[in-house]
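Consider the single chain below, provided in structure tokens and representing the form predicted alone.
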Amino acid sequence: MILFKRAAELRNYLEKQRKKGKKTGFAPTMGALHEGHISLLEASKKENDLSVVSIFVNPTQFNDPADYAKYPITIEKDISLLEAAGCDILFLPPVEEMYPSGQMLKKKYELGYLETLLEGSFRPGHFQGVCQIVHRLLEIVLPDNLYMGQKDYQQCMVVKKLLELTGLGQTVHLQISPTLREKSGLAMSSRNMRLSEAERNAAVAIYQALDHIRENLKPGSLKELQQQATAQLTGKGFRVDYVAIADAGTLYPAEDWDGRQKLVALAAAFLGEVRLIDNLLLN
């Protein structure tokens, strides 16, 4: 595995590989890697000649400075995991490399309604920060395929919109990999590292609440199902930001189901100080 810390050096290396006809896959991460991240790398290795992973904890997508400060950093472990999994290139830039002129957003990405609901509503500016860093990374790596996880369902939709807005979608193909879960059902997440053992056992309630929606889905009003799932979480000590049922293709809220519309259930809730998100395709 080759490690790069400078954008220009990585860009030059990849340009030489492109001229040799090599296809590149790219998985952007914020580190604290787990099996879910490794599954993105494995998907890339199957479909590309070179697989690039980046580790960069992006300050502009944290609307809470305390959350940024507490984000788990496990670089040595991450490097070992990537080497064992056969990663070709790791991009590990410092903040000043990604934001040489400071961290201010220099352009507004017109994401429309996507940044007004769910995560966009509870984390103002979050998706602008996501677009800023993903756009910068894509311009450096110029991959053929971009790999992201379904656990960040809304983020995947935002990145798809980013590819349309920038024109990068003509050359970069977004590949979304299924959420990996622990045996309990808990979605794998870097934030799980911040949970105590008792909290980790309790955290599976988010998956259970979403699964309750899936198991009890039937045509008609969806309001009671949402209320039941929210009550399940509140009853187990969560501070709930939202439990939502939405159109799987647009994320528009779904209030009544006709039995055919493709739906996704999404949730975000705090367990102690840790905010967890999850989602489940319902049908």
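Don't overthink the numbering: it's just position in the shown sequence, from 1. Quick caveat: nothing in here was measured; it's all calculated off a predicted structure.
Beyond what is shown, the protein has a form predicted in complex with a small molecule; the following relates to that form.
Listed stretches are 253 to 261, 239 to 247, 28 to 36, 221 to 229; the contact stretch with the small molecule in the predicted complex is 28 to 36, by a heavy atom cutoff of 4.5 Å.
Although the partner is absent here, residue 155 sits close enough that one of its heavy atoms falls within 4.5 Å of the small molecule in the predicted complex. The small molecule is not drawn, but in the predicted complex it has a heavy atom within 4.5 Å of residue 61. The small molecule is not drawn, but in the predicted complex it has no heavy atom within 4.5 Å of residue 141.
Of the heavy atoms in residue 148, some are within 4.5 Å of the small molecule in the predicted complex. In summary, among the residues 213, 82, 134, 118, the only one with a non-hydrogen atom within 4.5 Å of the small molecule in the predicted complex is 134. Just one of 89, 187, 203, 130 comes within 4.5 Å of the small molecule in the predicted complex, counting any heavy atom, and that one is 130.
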